[in-house]
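In structure tokens, the next block holds one chain alone, the form predicted on its own.
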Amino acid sequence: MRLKSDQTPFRGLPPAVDASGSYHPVSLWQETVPVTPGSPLESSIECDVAVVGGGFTGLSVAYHLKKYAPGIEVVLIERDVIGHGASGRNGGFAMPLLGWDLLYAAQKLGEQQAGAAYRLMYDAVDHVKRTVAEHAIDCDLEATGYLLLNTCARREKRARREYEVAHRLGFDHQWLDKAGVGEHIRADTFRSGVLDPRPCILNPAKLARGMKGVVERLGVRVYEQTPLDELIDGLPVRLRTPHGAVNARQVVLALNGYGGSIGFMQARVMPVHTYIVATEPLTNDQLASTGWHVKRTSLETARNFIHYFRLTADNRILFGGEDAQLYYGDQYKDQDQIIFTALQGRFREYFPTLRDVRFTHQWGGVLGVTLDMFPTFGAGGDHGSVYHAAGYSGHGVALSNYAGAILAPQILKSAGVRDIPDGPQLPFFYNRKPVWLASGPVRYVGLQAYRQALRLQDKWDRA
């Protein structure tokens, strides 16, 4: 295996760190955390495990490696700063979703395997809560639960079937009629919903920066402003960077939607974008007009192109979704004004009492999406020493923070380390290859057609 960086997808993005050394945040979340960019790698070093990527996945793997084997040498390199990518831009929903939803997972995997997969995902949600509490990470975590909202009869029928599957599998979902939904959110558009009481919300940038401090205190060497130029597989694996190199016995690629920029799973994991707008902080009267001021439940609409919305710690409404875009040439884009305008219009539709509320922030980021919406974890390379976790497909906050619990035991066992925890049972997506999708113009055209079909179905469902 030999992977080489391609800077073309990053063309047009502003630098995260300017020539003066100042960090430039993209999202509302990133503005809430003071960041002094860390130093880049400027020498040749050796380690037991090198982690490429400073988001939730990379931090989780580094954390669990040092937690299980304190003597192991772990190095983490990050292209920009910790939490600058998807881990500092997402909606901040720690949920158990896998695939499109539980009903889809049951149809694809069978109810028994889907139940096992979702129990692992609930463990991942609980792991986030435990880690935040154990290390006293200030990330505005709220145990709000998650309410899936039905806006039309066709989607309501599907949600009812999913609710029935959840109950057969022993999960504590609740069916809410219109009056029940009204106890959480007041909007004529929403007919009914399914409430999952266990998910939580948080400020993802605060969590990422908090975990940076945790892993550094455990002894992980973190180098920011250190992009990977080339990976040369061997014994050891060699990672070349602009001003240095890392020789590692084992490597973890924690890149998700950015993996294609080094040629990793380029034809299997797509860099799909999602976008978010955020309002100014609401007054007490404005918040009360929505009926959202009591339970503060996190919300999502039942569609192909979902809307996800939640309150922040300072009572802004964060509103995302509406569309998902794959750009020609797999370009990465932080901004898409067409989608921002559509999001604001949809927001006014759902919340007519807030027609005068200003939007103060808008941003986007890259998801790693597979065709079947299931993730992929595993080991590969010429010697089985290059590990990965990717393809969260928009549901990665909980699972990426749990990735180390899954991967670290496998990494340590293969290195001959003894007396380590077994970790969770390996999920069905371990060493799974996502469906091959080709790349370049063929994939772009095919995915645009698929995207339009999904949009048409959303319109049909509401007809």
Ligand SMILES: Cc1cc2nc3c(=O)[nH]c(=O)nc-3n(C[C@H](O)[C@H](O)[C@H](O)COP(=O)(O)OP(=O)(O)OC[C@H]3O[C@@H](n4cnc5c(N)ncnc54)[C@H](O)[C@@H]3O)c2cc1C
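Bear in mind that the values here come from a model prediction, so they are computed numbers and not experimental data. C-alpha atoms forming the largest set that superposes within 1.5 Å between two forms make up the rigid core. In this text, residue numbers run from 1 along the sequence as written.
The same protein has a further form, the form predicted together with the ligand, not shown here; the description that follows concerns it.
Between 351-359, 166-174, 225-233, 289-297, the stretch whose residues reach within 4.5 angstroms of the ligand in the predicted complex through a non-hydrogen atom is 225-233. Comment: the ligand is not present in this chain, but in the predicted complex one of Val194, Leu326, Leu120, Leu367 has a heavy atom within 4.5 Å of it, namely Leu367.
This chain is displayed alone, yet in the predicted complex one of Val269, Leu239, Ala254, Ala105 has a heavy atom within 4.5 Å of the ligand; that residue is Ala254.
Although the partner is absent here, Gly404 lies well away from the ligand in the predicted complex, with no heavy atom inside 4.5 Å.
The closest non-hydrogen atom of Val52 lies within 4.5 Å of the ligand in the predicted complex.
Looking at Lys66, you'd find every heavy atom of it more than 4.5 angstroms from the ligand in the predicted complex. Though the partner is left out of this view, Glu78 does reach within 4.5 Å of the ligand in the predicted complex, counting heavy atoms only. In the predicted complex, every residue of the candidate spot (Ala86, Ile276 and His395) has a heavy atom lying within 4.5 Å of the ligand. Once the rigid core is used as the reference frame, the Cα position of Gly21 differs between this form and the one not shown by less than 2 Å.
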